[in-house]
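Below sits a lone chain in structure tokens, taken as the form predicted alone.
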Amino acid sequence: MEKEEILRQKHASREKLLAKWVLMNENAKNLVQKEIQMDHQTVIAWEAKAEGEKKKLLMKLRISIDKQQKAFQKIDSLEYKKKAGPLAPKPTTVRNVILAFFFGGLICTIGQLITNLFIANGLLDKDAGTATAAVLIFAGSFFTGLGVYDELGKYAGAGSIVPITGFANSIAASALEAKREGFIYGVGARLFMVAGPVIVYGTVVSILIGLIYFFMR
């Protein structure tokens, strides 16, 4: 009997295990999975050396073995979800929405108070907005460095990723994670991994808007 035919028979016999796969113990499952992997590697080696019609037949056999392996994995995945589903914690969507709204609004309110403070001290509205953005960026980075902003994120959720402070947090956090790699290839490189796309996008969009404004006025 040809070696290819032996593999086909083994493949066919494993198809019968699909119906009782859930009832099998882990050791038996592992043995079947190892057998599938070995057969798959064997067929790949034969396929690489074969030619013509034989190569096509081996390719079909390899694809069938792939599908069989995925079928077993799918059964395991569904069974895991079935068992883990009742044990999974219930989502707290309403609570998360309320906290995000509260903390996001609180950060924006603090920003408005800072703006009002700058205006009260003589800055123009436009200059006060720029100064406020600088203060919030510094605060987001500073509190990220202290670990306070990450703790806030555990409760605030999406409310902590409001523009400016959230962006400052993402940049500073990336830099802190890479500080062991040095200040240039670590901190500096990681800073621009996050900030780079934003800077490029902002620059390109500002140029386009400027051109549109220039030609339409």
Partner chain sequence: MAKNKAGEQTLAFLRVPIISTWGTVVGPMEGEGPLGDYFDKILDNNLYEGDKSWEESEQKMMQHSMELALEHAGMSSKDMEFYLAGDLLNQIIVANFTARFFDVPFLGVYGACSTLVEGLALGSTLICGEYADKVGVSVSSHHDTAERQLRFPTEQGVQRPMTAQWTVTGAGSYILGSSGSGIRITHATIGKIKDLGISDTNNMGTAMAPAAFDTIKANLQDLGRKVSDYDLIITGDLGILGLSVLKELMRAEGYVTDNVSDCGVLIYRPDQDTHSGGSGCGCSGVVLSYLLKQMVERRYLRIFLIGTGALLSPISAFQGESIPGIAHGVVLEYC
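Residue numbers count along the first chain shown, from 1. Worth saying up front: this structure is predicted, and the values here are computed from it rather than measured. By rigid core we mean the largest C-alpha set that fits within 1.5 Å across both forms.
Just so it is clear, the following notes concern the form predicted in complex with the partner chain, a form of the same protein that is not shown.
This chain lacks the partner; the member of I161, A50, L61, V32 within 4.5 angstroms of the partner chain in the model of the complex by a non-hydrogen atom is I161.
Contact check for A84: a heavy atom falls within 4.5 Å of the partner chain in the model of the complex. Remark: A120 does not count among the residues lining the partner chain in the model of the complex, judged by a heavy atom distance of 4.5 Å or less. The partner chain is not drawn, but in the model of the complex it has no heavy atom within 4.5 Å of H40. Mapping the unseen interface onto this chain, K67 falls outside it, with no heavy atom inside 4.5 Å of the partner chain in the model of the complex.
Contacts between 168-193 and the partner chain, taken as any heavy atom within 4.5 Å in the model of the complex, involve N169, S170, A173, S174, L176, E177, A178, R180, E181, R190, M193. Superposition of the core reveals a Cα shift of 2 Å or more for K34 between the shown form and the other one. Annotation for L87: C-alpha shift of 2 angstroms or more between the shown form and the other one, rigid core superposed.
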